[in-house]
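What follows is one chain in structure tokens, specifically the form predicted on its own.
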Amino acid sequence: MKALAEYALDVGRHEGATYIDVRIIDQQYQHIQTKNLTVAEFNQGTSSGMGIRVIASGGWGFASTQKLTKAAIFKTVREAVAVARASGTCLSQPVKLAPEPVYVAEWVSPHLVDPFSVSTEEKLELLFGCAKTMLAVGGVTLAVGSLSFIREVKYFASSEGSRIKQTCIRSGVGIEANATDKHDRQRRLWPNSFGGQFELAGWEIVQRWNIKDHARRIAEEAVELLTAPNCPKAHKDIILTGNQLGLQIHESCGHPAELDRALGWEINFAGFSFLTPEKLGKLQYGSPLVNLVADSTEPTGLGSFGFDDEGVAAKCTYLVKDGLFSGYLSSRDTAHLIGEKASGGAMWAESYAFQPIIRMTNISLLPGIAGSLEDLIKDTEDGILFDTNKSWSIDGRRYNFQFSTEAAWEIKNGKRTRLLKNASYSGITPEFWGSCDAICSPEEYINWGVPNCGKGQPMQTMWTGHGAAPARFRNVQVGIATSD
């Protein structure tokens, strides 16, 4: 890796680039999905390649190759320089990079058990065991289980002198029960939507979430949902479980806080943002309880790393502090546009084949002091508890939204009562966060992983994390997501 990276840097200098960085990535992956007692998907393999980013004539250029030979690298560097010179002719101002210290470092994500050392037989035994438990519940017609593992070794080298090697292991586990009758179909997933829970961790995530112990419960809930009443249409106090709150954070804070989006650079594809630069430090985004951070240092967060894809060290940045809009997800070439002297450390790429763009890291709501989820329920007179996302809709500015969940429970006089189906809630982002009046304590805090965040042209799918403890919001519009 090192010798090839040094060769690419030398070629870039020779071709007249004023800045060059190189990412060489080796990736190993495995994804297993079962449906009932059959293997529906077994996908595993490896990939490797080099992505080269340069500045020449004041503009950015990028090119990549999966052929790690000197001939292919020489051609790729020259292509990146040619692109940079062409893009430089379209810019009113040359690219300006915020300073960043030079790092010579090696970083390995925390993990206890290498998931690739666990046999396929053991993995299938676990998934089939869960399927048998779910299918034993009358009314369950489909039982799904999944395991996902990625090991990524990344070497970064820049013309400024940084030389960084990182090894990341990302793992995911989840189960799903589907129940059907003559009139309806309902589902329950655990621990989360999008295939389950994903973390920067090894096989220990599977042991920690212990899906076998939850298989029967979610199957029974899926069946119970078939005959449960619809969520009433009303204004109610609502409590969001941590996994649902994680997606709320993702859509209504994470995406609008991406600086390229706020500047209008993504408007023709992904949309705009209501968090425009003139609101920085002025807009009351939420109640004083709301503190949202972009934190790539969380130990098991799916959006964590040692350094981002332009060699910026992991850090924690406030996006919302005491309810006030306070910061953006930014990069070395956008920091000066909001008066910052350093990057927010939020440049990621899906693989070697893509140019890094501004992406979410771990966008998290800091916990409060409201105790446990059960304590929060006891403190709620008349409300609804929403659990596990089913669908969502949010406008191009990330301002007006509607979310629905798989399950909801009515709360009366501090007690969880009947199960409700087809439950949704809606609102306007700053009004919704402004209604937050209680957040559970750190003991309830979990960093929920979202493995499928899409952004960019061409589309890049990335890993993000969202730390959250259950929270309560007052006087929110609730109703029926779908009709029978």
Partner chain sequence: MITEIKAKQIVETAVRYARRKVDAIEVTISGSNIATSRFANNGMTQNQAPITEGIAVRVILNGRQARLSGESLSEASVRALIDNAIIAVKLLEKDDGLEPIVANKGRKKAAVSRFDRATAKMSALDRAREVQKVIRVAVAKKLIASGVYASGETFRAIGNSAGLFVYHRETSAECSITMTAPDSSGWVKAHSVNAADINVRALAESAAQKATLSANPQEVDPGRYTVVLEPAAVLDLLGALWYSFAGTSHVDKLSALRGKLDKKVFGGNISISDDVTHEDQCGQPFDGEGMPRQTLSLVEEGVVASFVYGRRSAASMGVLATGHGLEQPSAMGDYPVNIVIAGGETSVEEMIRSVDRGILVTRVWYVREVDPTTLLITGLTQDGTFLIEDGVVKCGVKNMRFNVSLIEMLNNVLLLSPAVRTAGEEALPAVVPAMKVSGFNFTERTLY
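Numbering follows the first chain given and starts at 1. Given the structure is predicted, the values throughout are model-derived calculations rather than measurements.
The next section is about a form of this same protein that is not shown, the form predicted in complex with its partner chain.
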Exercise. In terms of non-hydrogen atoms within 4.5 angstroms, which of the given stretches 307 to 315, 293 to 301, 136 to 144, 367 to 375 touches its partner chain in the predicted bound form?
Worked result: 136 to 144
For this session: Find the only residue in 154, 214, 390, 151 having a heavy atom within 4.5 Å of its partner chain in the predicted bound form.
Result: 390
Exercise. Here the chain is shown alone; which of 221, 350, 100, 266 has a heavy atom within 4.5 Å of its partner chain in the predicted bound form?
Worked result: 266
Exercise. Taking heavy atoms only, is residue 435 within 4.5 angstroms of its partner chain in the predicted bound form?
Worked result: no
For this session: Consider residue 158 of the chain shown here, and say whether it contacts its partner chain in the predicted bound form, taking contact as heavy atoms within 4.5 Å.
Result: no
Exercise. Can any non-hydrogen atom of residue 443 be found within 4.5 angstroms of its partner chain in the predicted bound form?
Worked result: no
Problem set entry | Partner contact for residue 288 in the predicted bound form: its partner chain, 4.5 angstroms, heavy atom | no
Seminar exercise, completed: When its partner chain is considered in the predicted bound form, the residues of 238 to 253 having a heavy atom within 4.5 Å of it are 251
